[in-house]
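Given next, in structure tokens, is a single chain: the form predicted on its own.
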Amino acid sequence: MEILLEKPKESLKDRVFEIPLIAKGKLITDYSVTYKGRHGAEFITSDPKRFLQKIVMKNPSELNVLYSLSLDEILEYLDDLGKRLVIEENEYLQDAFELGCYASGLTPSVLYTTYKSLPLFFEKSAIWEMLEQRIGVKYLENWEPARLNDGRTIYLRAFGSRSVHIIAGNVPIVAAGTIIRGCSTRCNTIIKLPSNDPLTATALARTMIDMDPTHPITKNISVLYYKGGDIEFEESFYRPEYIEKIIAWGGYSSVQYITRYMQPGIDLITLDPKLSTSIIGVEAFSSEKVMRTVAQRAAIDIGSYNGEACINSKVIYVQSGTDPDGIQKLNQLGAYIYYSLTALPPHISTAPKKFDLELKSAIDGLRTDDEWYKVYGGENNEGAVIVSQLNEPVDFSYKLCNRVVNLVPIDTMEEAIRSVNSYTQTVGIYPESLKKNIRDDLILHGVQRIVSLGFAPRGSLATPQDAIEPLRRMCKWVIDESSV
């Protein structure tokens, strides 16, 4: 296959993508419903209302088949699956990539890089590390005894659940991580596909079917697309006799919407979108060489995934000082960051596929007032660096995207700490020594992840996410008490 890395040439009007429904490991190709995806992509799929009883698990005892497998056998299965996820050899991933070139916010070269990385996530050692770090393998394998102070013995075990995952589609890794989490914890996993990536999870599930259609893990995977707001389907679907956990990625309105189906017996785990930032100490200006290095590291946190991910830095607070000398240094750093951002290799970052017109207009409006803001780039929709000349971010900072970042001068770290809140996910910090001084205060203000500047994209399934333990919460933690 010749992998398409440039802008797709085929007209969207000439291509309708097929999204099969997968119900407990069985492929359903009854294409009776047409949907419009993001950026004009069109696809057809099955009507989930017709196949609801094939999708849900009515009898929880069916999960017993997963407990006939040892954890080592489960990890071997996933490791084998990962070896089959080489995009040049997997036609399902090739279809997902082709559709992603239209529907995704990622440009082809960046999207291709993310698909290339998929096999790494399925390696046996990586999944074992995730389970050991986040749950404790012993709780997945056995009833683990513990003695209480009153003399009782309890036996604790983490059981899989019947779960629905309403996933995000900004990067294909979300689909892979969802399948890894669900399978490794012995869950019955149902995935609701996003409109900007309706084929990655499908591609993984179809690969599982080809690998072994009768395997217990394969038979506990369902993947479907439907448009949110289909009340007739949702009221029949989100019921405690079918579903025990809902893991929802989404914005405020979509998460608020799903709460209408919450009732006793269903646990909601939310992974809502976050904004990320960076904090740079005065040490960045110790030399020209250091300043350029800091700029390169900041550019990675701004531009990776084309700025589409929640880990991307949107506002950077810099301890340059707010006096004229400090502002001059900040402007120089802004120029270096812009240069580094536009020099990132295409497998890491490119100019955005489609630049937000409202943001473009706002940036152009700032150019008319050098007293308040200095703007580097943005004329060709390649991204931009907005340098505030006062210690305040732009009033549209919450809308920054498309590789656009705002540098804000500060005199003290207290100003940066006060800027974060519960919507702040990742904070990249320079220098390393600054972390210990401010990390506790950042956490108290709402920050959920602290990293070294330039390493925000380097995530792992073996860590908590959004300041919660989604992997632990996907499990049912059950005790057996003995009082003899």
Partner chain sequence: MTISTIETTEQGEKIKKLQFEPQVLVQLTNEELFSMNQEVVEQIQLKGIQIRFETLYPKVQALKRLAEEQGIQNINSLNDVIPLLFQHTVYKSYPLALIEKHQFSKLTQWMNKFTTHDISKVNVTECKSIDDWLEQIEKQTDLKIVHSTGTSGKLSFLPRSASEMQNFKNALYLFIHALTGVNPHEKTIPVFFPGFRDGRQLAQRVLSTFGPELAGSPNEFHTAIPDFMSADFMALAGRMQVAKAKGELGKMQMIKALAWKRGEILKLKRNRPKMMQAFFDNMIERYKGRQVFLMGPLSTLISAALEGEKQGYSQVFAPNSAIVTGGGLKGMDVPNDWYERICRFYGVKTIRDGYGMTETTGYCPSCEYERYHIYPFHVPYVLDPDTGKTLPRKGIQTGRFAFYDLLSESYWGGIITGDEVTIHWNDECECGRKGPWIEKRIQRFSEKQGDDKISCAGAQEAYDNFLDFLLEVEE
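Numbering follows the first chain given and starts at 1. Since this is a predicted model, take the numbers as computed values, not measurements.
What follows is about the form predicted together with the partner chain, which we do not show.
Practice task
Work out which of the listed stretches, 233 to 241, 129 to 137, 153 to 161, 370 to 378, brings a heavy atom within 4.5 angstroms of the partner chain in the predicted bound form.
Solution key: It is the stretch 370 to 378.
Exercise for the section: Assess the spot marked by 358, 364 and 399: is the partner chain within 4.5 Å of a heavy atom from every one of these residues in the predicted bound form? Expected result: Yes, because 358, 364 and 399 each have a heavy atom that approaches the partner chain to within 4.5 Å in the predicted bound form.
Problem - Residue among 390, 120, 262, 86 with a heavy atom within 4.5 Å of the partner chain in the predicted bound form - result: Going through each option in turn, the one that passes is 390.
Exercise for the section: Answer with yes or no whether residue 455 is in contact with the partner chain in the predicted bound form, where contact means some heavy atom within 4.5 Å. Expected result: Contact check for residue 455: no, nothing within 4.5 Å of the partner chain in the predicted bound form.
Handout entry: in the predicted bound form, residue 227 touching the partner chain (heavy atom, 4.5 Å)
Key = It does not: once the partner chain is placed as it appears in the predicted bound form, residue 227 has no heavy atom within 4.5 Å of it.
Exercise for the section: Indicate whether residue 347 is a 4.5 Å heavy atom neighbour of the partner chain in the predicted bound form. Expected result: Residue 347: no, not in contact with the partner chain in the predicted bound form.
Handout entry: Non-hydrogen atom contact residue 423 with the partner chain in the predicted bound form at 4.5 angstroms
Key = Because a heavy atom of residue 423 falls inside 4.5 Å of the partner chain in the predicted bound form, the answer is yes.
Exercise for the section: Enumerate the residues of 448 to 464 that have a non-hydrogen atom within 4.5 Å of the partner chain in the predicted bound form, in sequence order, or give none. Expected result: Counting only heavy atoms within 4.5 Å of the partner chain in the predicted bound form, no residue of 448 to 464 makes contact.
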